[in-house]
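Below sits a lone chain in structure tokens, taken as the form predicted on its own.
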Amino acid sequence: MSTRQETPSGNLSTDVAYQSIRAKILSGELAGGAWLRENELANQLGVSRTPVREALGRLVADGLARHEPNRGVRVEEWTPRDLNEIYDLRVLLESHGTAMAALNPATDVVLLDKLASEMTLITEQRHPDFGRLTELNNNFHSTLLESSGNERLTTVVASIVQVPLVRQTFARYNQAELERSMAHHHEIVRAVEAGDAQWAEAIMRAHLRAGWSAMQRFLIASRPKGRTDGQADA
């Protein structure tokens, strides 16, 4: 008896395949350039090839994978130039969203403070759980964006942020960078609590720029000798 999941519409199986493969890409388990073979993925996920094929189509549309004619689908690769453009957009959009959140009296400052404190506790452990740290960080930033009251802004930033997540940012930080990032979270909470939009926007801008600086340091250190910025693997 087959154990593969399938529904008459195929929608459920496609969603399962899409979410599973997407999670592997964003976590770095499936690295940039890796081939996404339908048979292998179908066997791993316990579904037929059809929902996997449909899921890969969605991932290509998302920009997380690319189709190469007569060869198949592989995980997208990003150069430092790509990431620089992404961070530039994120700084502009998310700092604006944070300013709007500071002006919204309904913003859940208690939740933001709780998330910031939990993140700090994790970084103080001998072996920080970077997966959990990333989850809390995503909640922190998404809470701010949702509090901006601008749904389109939230959607656009979400589509931008998924690419840098592939780089597993926190795992690349040194101790000083990690401590600075946590301090920024707490200061953002204080700025939002004070209802100071300019302060909140400035700290978020500095926070994101610092994150990009840490990423650049890692990219430079890992760049193969003799290759330029535009050629280096992201």
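So that the term is clear: the rigid core is the largest set of C-alpha atoms that superpose within 1.5 Å between two forms. Please read these numbers as outputs of a predicted model, since none were measured by experiment. Start at 1 and count along the sequence shown; that's the residue number.
Beyond the structure shown, there is the form predicted together with the DNA, which is absent from this document and is the topic of what follows.
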Task: One residue of Ala55, Val189, Leu36, Leu208 in contact with the DNA, assessed in the predicted bound form (non-hydrogen atom, 4.5 angstroms) - done: Leu36
Open item on the list: Given that the DNA is not shown alongside this chain, does Arg126 nevertheless sit within 4.5 Å of it in the predicted bound form, heavy atom to heavy atom?
Closed with: no
Open item on the list: in the predicted bound form, does Ile220 come within 4.5 Å of the DNA, counting heavy atoms only?
Closed with: no
TODO: Answer for Arg71 alone: is it within 4.5 Å of the DNA in the predicted bound form, judged on heavy atom distances?
DONE: yes
Task: Partner proximity in the predicted bound form: Arg49 to the DNA, non-hydrogen atom cutoff 4.5 Å - done: yes
- [ ] Considering the DNA in the predicted bound form, find the one stretch among 174-182, 192-200, 62-70, 24-32 with heavy atoms no farther than 4.5 Å from it.
- [x] 62-70
Open item on the list: Going through 188-203, which residues have a heavy atom within 4.5 Å of the DNA in the predicted bound form? Please give them in sequence order.
Closed with: none
- [ ] Classify Val52 as shifted (yes) or not shifted (no) between this form and the one not shown, where shifted means its C-alpha moves by 2 Å or more with the rigid core superposed.
- [x] yes
